[in-house]
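Coming up is one lone chain in structure tokens, specifically the form predicted on its own.
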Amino acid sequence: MSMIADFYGGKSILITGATGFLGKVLMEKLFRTSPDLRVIYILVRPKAGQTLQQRVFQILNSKLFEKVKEVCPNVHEKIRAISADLNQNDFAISMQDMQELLSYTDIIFHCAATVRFDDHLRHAVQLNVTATQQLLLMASQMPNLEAFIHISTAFSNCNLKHIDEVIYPCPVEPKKIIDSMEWLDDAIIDEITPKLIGDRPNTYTYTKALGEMVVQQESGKLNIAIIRPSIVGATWQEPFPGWVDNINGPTGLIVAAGKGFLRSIRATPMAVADLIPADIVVNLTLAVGWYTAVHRPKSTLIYHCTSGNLNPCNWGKMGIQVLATFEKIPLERAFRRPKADFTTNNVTTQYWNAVSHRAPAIIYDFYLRLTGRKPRMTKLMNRLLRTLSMLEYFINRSWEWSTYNTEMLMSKLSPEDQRVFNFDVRQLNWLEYIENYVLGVKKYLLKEDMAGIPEAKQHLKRLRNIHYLFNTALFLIAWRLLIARSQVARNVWFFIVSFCYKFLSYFRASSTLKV
């Protein structure tokens, strides 16, 4: 019998961010392993033209919850959707709903956050800092609360090379940042944002670090733990391999590469791609919830949920594995492909790629206009290149995260719990995982027919050939213009042609002598 699954039986659980990718996987695992839990409260923002019940039905009707319905047929009765908006004071929760939450909640999993790297500082502070502060205030009024689990990010302290399982202070107190956001106008906030975030790359990582400080300062007598996952990707094993439903992080790169829009990225091939499957994060989260509530540690423990120090996979290797999956070629042959197909890291190639990506998009949009259709490729390509620019910081660096608390927790689990709630990333086979990830993107995210894979591979091959042809034509045109304007270029060109002519003459003469 699983002690963790048994612990959640009969519990009333509040999940923020339950409509997000990680929140859905967390709910699914809870229902599947502890079908006798009392209720899961989820905070849902009102959406025009859709009731709360319709949004819950939409979640439960997805492929993700197929297995849940077998073990928990009345799952729809165990989800209590509460109208809430994390941008508002007290989350705009009605008095009746608030009273119910305060009276019955046993466990809180705080997953809600804005994950947009380029989000405005005011909005990022509201969702990642102020909302956390308000939720902690609610938690302090819950007489039955046993544990508060805060989901942060392993990159909250990405300005450091080695990161321990501790909370690092920020130069400015979170309360001062929260207060200033209330009266400063957007122009002043835009001006001071670079100074506030310092050597962090964006507002996301900065405000997640502030959120951790808020947890430390506002915890009071609560039993709190913080989990720091790295780059969350598709599921590894549960409820089935490769499930994903958004284009964040590496998923967007896989979609772009699979559709033929992306042929290379500006990255460091040997930098560690610290990807972590969503189900590993969820398993650790549920184990931490159990341990925090039952063992009640004297201080707030931080758990790193990362792969780089235990089972590393670099970006170059990952790109090769993606290619092998796309084209279904042997992995050994994929490894012989030029590395530039996947990763490159120089300024000249950066600008060349920008031109070679945008120019075909402009030509394709011109074709769409001629055929009376709406042009869309340039806008899509600009969005992709902007995303790549924001990811550049993370795909050119490696970090070292200590995992003492995570490994300690693993040793505390029974063999049954280690099996049911497996978060041992050392067991992950990257080749199998990436293959399932790519196929999962096609099947679950893009909802494409798996029978169309041969046709899709031919389409990808055509797009690749067009890309190479366009690059060759662009190079020849640039070289021709250079020859017309530069005597040095003409001399170099004359030397190359003369050398090739002499080589061919020598080869023909050698062949004649042999005959």
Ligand SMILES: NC(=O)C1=CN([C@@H]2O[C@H](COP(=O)(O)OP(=O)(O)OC[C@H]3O[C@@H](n4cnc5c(N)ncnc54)[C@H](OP(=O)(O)O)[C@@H]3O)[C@@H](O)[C@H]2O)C=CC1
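For clarity, a rigid core is taken as the largest C-alpha set superposing within 1.5 Å between two forms. In this text, all values refer to a predicted model and were calculated from it rather than measured experimentally. The first residue of the sequence shown is number 1, and the count goes up from there.
Absent from the display: the form predicted together with this ligand. The rest refers to it.
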Check your understanding: With this ligand left out of view, which of G308, G242, P229, P174 would have a heavy atom within 4.5 Å of it in the predicted complex?
Key -> P229
Practice item. Using heavy atoms only and a 4.5 Å cut-off, determine which of L101, V425, C170, C111 is in contact with this ligand in the predicted complex. Key: C111
Practice item. From the candidate stretches 151-159, 209-217, 67-75, 402-410, select the single one in contact with this ligand in the predicted complex, where contact means a heavy atom within 4.5 Å. Key: 151-159
Review point. Is the gap between Y204 and this ligand in the predicted complex 4.5 Å or less for some heavy atom pair?
Key: yes
Review point. Can any non-hydrogen atom of S12 be found within 4.5 angstroms of this ligand in the predicted complex?
Key: no
Check your understanding: Wondering, does L184 line up within 4.5 Å of this ligand in the predicted complex on heavy atoms?
Key -> no
Practice item. Check whether L127 has any heavy atom within 4.5 Å of a heavy atom of this ligand in the predicted complex, and answer yes or no. Key: yes
Point to revise | Residues in 63-91 with any heavy atom within 4.5 Å of this ligand in the predicted complex | key: A84, D85, L86, N87
Point to revise | Cα displacement of K47 between the shown form and the other one reaching 2 Å, rigid core superposed | key: yes
